[in-house]
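The chain below stands alone and is given as structure tokens, in the form predicted alone.
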Amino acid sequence: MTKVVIIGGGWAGCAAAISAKKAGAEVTLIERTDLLIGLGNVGGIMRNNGRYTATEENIALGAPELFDVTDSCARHKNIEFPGHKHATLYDVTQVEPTVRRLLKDKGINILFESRAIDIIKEDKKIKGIVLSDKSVIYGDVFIETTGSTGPMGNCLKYGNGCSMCILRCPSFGPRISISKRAGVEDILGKRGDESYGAFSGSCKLNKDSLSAEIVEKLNKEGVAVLRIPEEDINLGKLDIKVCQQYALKEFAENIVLLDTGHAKLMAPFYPLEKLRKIKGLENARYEDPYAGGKANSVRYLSIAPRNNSMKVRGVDNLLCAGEKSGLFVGHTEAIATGTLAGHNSVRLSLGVPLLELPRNLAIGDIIAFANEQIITEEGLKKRYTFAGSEFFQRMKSTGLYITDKEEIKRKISRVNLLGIYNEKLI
């Protein structure tokens, strides 16, 4: 049986594990912390704008599992906030244990608190992953979904210091780049001012530290928009955000809070003293990152060059997904690319042609479009998401943005890909 080893248990890694397992592989997932879904423990926004289309495409392609989880853990459905429609907000306090049970029920071997530190390689093939306890996990095909955040040194060099985020590098050790260990140079994303990386785009506030009125509004409506005092409005901060779909004027002029169990503050960081000037936030306290008044994690510092089937260029048996595979933003983007990488890992082991999704699907187009853009200087400064910015505009102008589930199914059926991820290949 083909042995697939996935390094990184974020949304992309979990999706890759499920699709590789469904295709018939024996799957081991290596995660350096004690939690799955990585930054998904801070996120929670699904189905907003073009992500609705991508979600339904992935479901029609045969991979509904993780979207079923986020839908079942939703606190709010079909809500609107500035620049975004029909969003679902999942409960970040519920979703990780549910994903963990799902993967275990499917027979996926998960190695928690197991940090990859090196690889064993022969010619252009990886043979095994060396863990920090010196044990080696051998496999036939490897999928890197280590993300692009950390190690701590990157946040010190390109950010405002370690913000003590959910990734907890000081406790669980730093992320390494598997592709770089295999001899492939990483691609680095840039900001508009040519500096490297970008700050994560949101923080969590402890809900109990907010006023009763704001908590009631969040619980009832899912969103609260609070005006920032005129003297504290800073439009310049929009340039440093990783999440360009939220880099709108409304997000600079207002504090936007979303109910994801905690209160999700849609800003990379915000000085606590200024935050507490706003009515209802007089006692506000950061939950994640703890240093949300000053900093956040810095991302897009480790991207592998790949083709549109998610195979890493220059290594015969390595695929990638999520932020490791491009300047992608969001859980939906991670799940969509991870699912494709997992399915293709089994095809690669069998020596059959890898699946490339056609560009008349939103998922196929974003994978190809991001790959074309990343080789340009301007493209390195952009982010690619179904939810906003340049790619969502592209979806609208090319007719890829569809919210009719049956129409999406018919479209997938016309290209003969309905349920393709359900095919057992071995």
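One rule holds for the numbers: they count along the sequence shown, beginning at 1. Just so you know, these numbers come straight off a predicted model, no measurement behind them.
Beyond the structure shown, there is the form predicted in complex with a small molecule, which is absent from this document and is the topic of what follows.
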Quiz prompt | Heavy atom within 4.5 Å of the small molecule in the predicted complex - residue from 31, 56, 65, 365 | solution = 31
Quiz item: Is residue 317 one of the residues lying within 4.5 Å of the small molecule in the predicted complex, judged by heavy atom distances?
Solution: no
Quiz item: Does residue 302 reach the small molecule in the predicted complex if we count a contact as any heavy atom within 4.5 Å?
Solution: no
Quiz item: Can residue 51 be called a contact residue for the small molecule in the predicted complex at 4.5 Å between heavy atoms?
Solution: yes
Practice problem: Classify residue 145 as contacting or not contacting the small molecule in the predicted complex by the rule of any non-hydrogen atom within 4.5 angstroms, answering yes or no. | Solution: yes
Exercise. Name the stretch: of 248 to 256, 212 to 220, 325 to 333, 185 to 193, exactly one has residues whose heavy atoms fall within 4.5 Å of the small molecule in the predicted complex.
Key: 325 to 333
Practice problem: Establish, in the predicted complex, whether 163, 198 and 388 all lie within 4.5 Å of the small molecule, using non-hydrogen atoms for the distance. | Solution: no
